[in-house]
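First, one chain by itself: the form predicted on its own, in structure tokens.
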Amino acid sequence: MLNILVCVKQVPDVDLVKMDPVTGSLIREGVPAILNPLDGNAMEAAVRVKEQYGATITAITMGPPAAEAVLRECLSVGADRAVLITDRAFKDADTLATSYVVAKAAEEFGPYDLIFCGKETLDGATGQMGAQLAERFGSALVTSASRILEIDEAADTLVTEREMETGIETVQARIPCLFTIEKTNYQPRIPNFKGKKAARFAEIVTRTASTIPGLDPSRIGAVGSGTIVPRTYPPERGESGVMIDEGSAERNGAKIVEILAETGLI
């Protein structure tokens, strides 16, 4: 039976997040936190593999204690185990430090045949976690996977489609394999009452910096991060445009020339 890991993240609803114009920091107070949408697609892809081939699914996230909510959401739709990594020592971690901690914590329940991640997150949108985790797990990597076509456990191979700028590419990969999932074919399901009830009372495995075996303190949090974001700036708003309607294409063209001449551009 396949052993599957699904990496998810709790993110603020970016449609409701505002920015402090003085500090440049995001104002998260009062903004609801949600399961990163593309991670929901990754969870759905994992559950479909489980339904077709048989599998045990572990959902894992790193975040504050409140991130337990997204793990219960994963449990309600088909995850068998949920792991919450939470500790103030992980604060201000970039993707390098985060992928290190997630991989070390996940080792307890591995090794894994398949690992699923969303293509990117709403808050960071770096798209770096999938590749970093594949490197740490020593697995094959299929980015922008849109559909898993076939899994051959006996041969340790699989066939999947991935979205390219020029179309769809069909690739074969070795197991273990990590996928970053597109939303095209894996619309997250709505949990039924039985699933929601079971998830509500399910145990959440919690790990901290002191309970993850072999964790190197110098590689976590801000200290272990290779990048730091000192400040965030909102996009600058340019001047509003001018609508030109002189009644015909010829008059519109003449008006544009007139404006360009007045501004010294021609």
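Residue indices: 1-based, along the sequence shown. These numbers come from a predicted model, not from an experiment.
What comes next is about the form predicted in complex with a small molecule, which is not displayed.
- Between the small molecule and the residues 174, 196, 91, 189, the one pair within 4.5 Å by heavy atoms in the predicted complex involves 91.
- Exactly one listed residue, out of 161, 87, 182, 120, brings a non-hydrogen atom to within 4.5 Å of the small molecule in the predicted complex: 120.
- Contact with the small molecule in the predicted complex holds for all three of 60, 98 and 127, each having a heavy atom within 4.5 Å.
- Residues within 4.5 angstroms of the small molecule in the predicted complex, judged by any non-hydrogen atom, belong to 127-135 and to none of the other stretches in 74-82, 162-170, 127-135, 147-155.
- Within this chain, residue 227 lines the site of the small molecule in the predicted complex, having a heavy atom no more than 4.5 Å away.
- Looking at residue 4, you'd find every heavy atom of it more than 4.5 angstroms from the small molecule in the predicted complex.
- Although the partner is absent here, residue 36 lies within 4.5 Å of the small molecule in the predicted complex, judged by heavy atoms.
- Though the partner is left out of this view, residue 106 does not reach within 4.5 Å of the small molecule in the predicted complex, counting heavy atoms only.
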